[in-house]
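This document starts with two versions of one protein chain, written out as structure tokens and named structure 1 and structure 2.
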Structure 1
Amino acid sequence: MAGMALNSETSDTRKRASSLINDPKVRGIFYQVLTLALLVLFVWTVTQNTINNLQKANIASGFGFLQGRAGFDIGQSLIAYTSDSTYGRALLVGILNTLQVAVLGIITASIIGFIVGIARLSQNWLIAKLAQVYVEFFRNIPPLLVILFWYKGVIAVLPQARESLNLPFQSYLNNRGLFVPKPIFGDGVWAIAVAFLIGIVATVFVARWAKKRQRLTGKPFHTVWTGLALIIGLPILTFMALGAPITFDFPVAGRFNLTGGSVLGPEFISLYLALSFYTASFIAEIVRSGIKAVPKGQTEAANALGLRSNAITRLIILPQALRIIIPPLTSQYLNLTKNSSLAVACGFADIYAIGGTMLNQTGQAVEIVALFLVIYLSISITTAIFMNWFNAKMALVER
């Protein structure tokens, strides 16, 4: 009796066990846990090994060095920085410089890219061929060469400091950069900034109202002009009302060079131009393929409805093309940001160049490489998140 019971119990457990092995859900969980455990083991081993090796090599580690005095100067900085500032602040200067060149580069590359991309589809043979030559030239040489091309070009072609080119508004151009008057803000400047913000918000509301009115009554409204008037006009009016609180610091000739004013150094200019022109060639192809991908029937149908060609492009072609353009465009924006790390070749103080200096002065290679990874990853992921949001907004909304 007892033996029977035992027997049936074991066969029962065996059954249950075999059913557990065959259960795809259980198996799935098992493999996931196994993979996770192996991964954790791998990371743990690698970490321990590194810590041991660093200790064996008598290399100090940790991020405490970021609070130390940097001791080196940086040529281009958007925030106040001296050699007395900390390494952490030097890093911040680098991040801001990278962001500056990346954001301006992305804007310029998009503008050039869209123009060239549309030009490639032009009926005009010359324009289409010129656009093609541009694309083939810039996308087929490495970005580093493009940067050096601009940098050597900028230094070699522009005049020496003492023979600066005079430009309008008391600006000067020489091989030390572009010197422009620097605005000095007096009291009440915040009011102008507020006026500017009010202008933007008001424009958004006007646009919404205008859209609604058009949907209900069919009457169009000049949103663009009203918006421009609000965004530009309001701050100008505030500026006048306050009695022009902005004065300018003009560049003047010093012993070696022009002093005063704001300077855009040739390092920044060449990097910015190189990244813009290089990436624009890829964006142009993306734009062309996006427009080409919109079926011809769409244009014909719009023609049949009697829409003007301007309206067809704006309301029918572009919205559909954008859906195809945006995802690959995101990759190009990320590429531009990452390629900005080539700045070190032309002496621009981006995050990679400053980090490299820090690495050398402190010897904290592991920490600084980790910081590089985290910073570039954050910038790229933020860009990607924004572009995904934009993509979702532009995507086909099914009704």
Structure 2
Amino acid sequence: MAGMALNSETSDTRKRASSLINDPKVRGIFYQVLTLALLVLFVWTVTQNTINNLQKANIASGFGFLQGRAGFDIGQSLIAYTSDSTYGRALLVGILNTLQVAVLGIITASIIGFIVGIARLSQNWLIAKLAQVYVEFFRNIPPLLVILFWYKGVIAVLPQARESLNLPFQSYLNNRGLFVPKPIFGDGVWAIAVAFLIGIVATVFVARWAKKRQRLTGKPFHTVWTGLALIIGLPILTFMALGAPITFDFPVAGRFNLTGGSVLGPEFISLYLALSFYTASFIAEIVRSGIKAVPKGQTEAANALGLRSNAITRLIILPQALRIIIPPLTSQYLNLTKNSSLAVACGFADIYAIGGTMLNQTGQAVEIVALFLVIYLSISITTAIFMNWFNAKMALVER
């Protein structure tokens, strides 16, 4: 009897063990723990190997080098910088230059892409074909070639400084760049920025009120003009009330050179235009496909109601197409930001170019590459989070 009881207990133990092994939940936890352990082992091995190699090469690790003197100049900077500044400040200049190109490029590429995308669907044969040629031309050549085209084929052949092209607002364009008026901020200028933010907040509340009013009464409200009046009008009124605290230093054309004002160098202009026109070709196709995805019955119903073509596009087609356009549009914004690292081809001082100079001078390869990873990841993740939030706001609310 004792032997039979022992055999029965052994059999029950084997069954429980077998059931645990065959349990998908237990198996999943085991494989995840095993994968995590292997990942930790891999990271630890790489870290130890890196530390050993740095010790053998007598290279000090850490980020203390950021406090050292940079010793090199930067052509274009949004903040004060000299060769006596630290490596940390040089890195900050590179970050700001990268953000400048990315933000302006995203705005310009979006505008051009939406215009070209809508033009591709135009009933006018010439406009549609010109838009198609633009898309096929820029989409099928490398972005580096586009940068070199603008840098060597357009900016470099502009007139010299003494023969600069006169532009509106007392600006000048030549092969040294674009010379524009430089704003000089006086006391109380912060109030203009506050008025601008108040205008944005007020526009949001007006848009919500108008949407609620239209839902209850059916009467529309022109939020666009009201929003423009708030966002633009409030800062202008504040500017006038403070006695114009912003003045401008205009560039002056001399006999051989230009003095005064602010200069956008040929490197920045080439990179900005190249990334904008290149990315716009992809955005145009995204816009075209998003519009084509809207059911044709929507357009037919709008035509039956007697709406004009521009009203149909603005009020019916684009709001529905945006829900399809936004997700792939996010990828193009991220691509433009990452493609800004090609700035080294035209000599623009972005984060990658400045980091490369720092690496050559300090030899801190691991630390600088780690900074590259953190900076580009931070910019990309921030962009993705904002676009995901915007996509959620544009999504249809299901009942």
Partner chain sequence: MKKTILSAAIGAAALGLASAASAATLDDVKAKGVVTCGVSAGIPGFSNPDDKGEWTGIDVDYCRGIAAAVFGDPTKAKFVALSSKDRFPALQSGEVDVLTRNTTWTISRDTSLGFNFRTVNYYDGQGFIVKKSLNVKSALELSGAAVCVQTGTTTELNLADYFKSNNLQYNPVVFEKEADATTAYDSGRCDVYTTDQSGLYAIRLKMKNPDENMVLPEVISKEPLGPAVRQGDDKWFDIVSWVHYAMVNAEELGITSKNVDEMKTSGGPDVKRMLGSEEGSKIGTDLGLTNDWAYNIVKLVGNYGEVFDRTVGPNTPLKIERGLNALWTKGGLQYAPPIR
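Note that this is a predicted model, so its numbers are computed, not measured. For clarity, a rigid core is taken as the largest C-alpha set superposing within 1.5 Å between two forms. Counting starts at 1 and follows the sequence of structure 1.
J.: Would you check which of the pair is the form predicted in complex with the partner chain?
T.: That would be structure 1.
J.: Does superposing the core leave Phe114 with a CA shift of 2 Å or more between structures 1 and 2?
T.: False for Phe114: its C-alpha shift is below 2 Å.
J.: Would you say Gly186 moves its Cα by 2 Å or more between structures 1 and 2, aligning on the core?
T.: The answer is yes, as the C-alpha of Gly186 shifts between structures 1 and 2 by 2 Å or more after core alignment.
J.: Using a rigid core alignment, state whether the CA of Arg213 is displaced by 2 Å or more between structures 1 and 2.
T.: Result for Arg213: yes, a 2 Å-plus shift.
J.: After aligning on the rigid core, report the distance the C-alpha of Ala311 travels between structures 1 and 2, in angstrom.
T.: A shift of 3.2 Å.
J.: For Arg255, what C-alpha shift in Å results between structures 1 and 2 following superposition on the rigid core?
T.: Comparing the two forms, Arg255 shifts 8.2 Å at C-alpha.
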